[in-house]
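Here's a solo chain for you in structure tokens, the form predicted alone.
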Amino acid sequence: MADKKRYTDEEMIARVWDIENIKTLINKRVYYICNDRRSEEIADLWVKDPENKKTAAFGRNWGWYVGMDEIRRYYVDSHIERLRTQQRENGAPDINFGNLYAHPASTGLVRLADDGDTAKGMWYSIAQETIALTDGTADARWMLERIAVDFIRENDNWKIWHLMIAADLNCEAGEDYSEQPVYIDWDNDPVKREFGKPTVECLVHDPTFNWWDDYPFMPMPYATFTDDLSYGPEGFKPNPNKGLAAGEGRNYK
């Protein structure tokens, strides 16, 4: 067995401080989401180095947007366009009038690479979103999701590099969950419609059989970042589940 890497007291203090700064970054993102400040989130929390911007990735159950330009188009520009359409249709006095967003992040697990250049983290969110409708009612939804992030150090600041949000549940608030269909109707899923057509399109996480795919994988101790550890598309490996290979479940092809 290889010897476990040992650190001086000063190095240990620096590593603990790094982890606290990473947790603060994710906590800050929660409040940006609550106030729908997506453009500020991109500017403040995501990578700025030109090379890192090229390989940045934002993923959901159906694939990844790759590169900060593509991420901004999906996460900021298309979102604002939808909000303006909603405002016109509702006759609302302000953008986001009647909407509510809350994606708290809890149970954080952060692993700092031995070399200190990158880190991996995972959180769980019991989230909700409420969107105002034209008839004066609202579409209110519970969203249970895992948040997996690759962080990279830029000029001694930690930044989001790859972000994967894997939804385990998305259902209308107030409905009896036991009466929900077993197989998700992704053709009419509002989150999938919002996600659109990503840069890398594939079935990444399907909650039909709970956590059968074990993706995103839990961060474990590691020495240095490699592509196979990435929460971007480079690190995705479909789970060779025999039951699914037999064709069980309508979401699999």
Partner chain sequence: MTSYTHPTYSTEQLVERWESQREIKNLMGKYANCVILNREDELFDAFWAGGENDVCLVFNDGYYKGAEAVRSYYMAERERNALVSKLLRDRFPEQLGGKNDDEIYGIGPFKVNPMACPVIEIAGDNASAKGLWYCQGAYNKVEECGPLAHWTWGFFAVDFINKDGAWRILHLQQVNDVDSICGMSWGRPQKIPSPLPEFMALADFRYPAYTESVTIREQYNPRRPFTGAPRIPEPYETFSETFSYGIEEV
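Numbering follows the first chain given and starts at 1. Given the structure is predicted, the values throughout are model-derived calculations rather than measurements.
There is another form of the same protein, the form predicted together with the partner chain; it is not shown, and what comes next is about it.
### Task
May I ask you to state whether residue 128 is within 4.5 Å of the partner chain in the model of the complex, using heavy atom distances?
Contact check for residue 128: yes, within 4.5 Å of the partner chain in the model of the complex.
### Message
Taking any heavy atom pair closer than or equal to 4.5 Å as contact, tell me whether residue 96 reaches the partner chain in the model of the complex.
### Response
Residue 96 belongs to the contact set for the partner chain.
### Query
With a 4.5 Å heavy atom cut-off, would you call residue 186 a contact of the partner chain in the model of the complex?
Flag for residue 186 set to no.
#### Entry: Heavy atom of residue 27 within 4.5 Å of the partner chain in the model of the complex
Result yes; residue 27 sits at the interface with the partner chain in the model of the complex.
### Task
Would you check whether the partner chain, in the model of the complex, lies within 4.5 angstroms of a non-hydrogen atom from each of 13, 35 and 156?
Yes.
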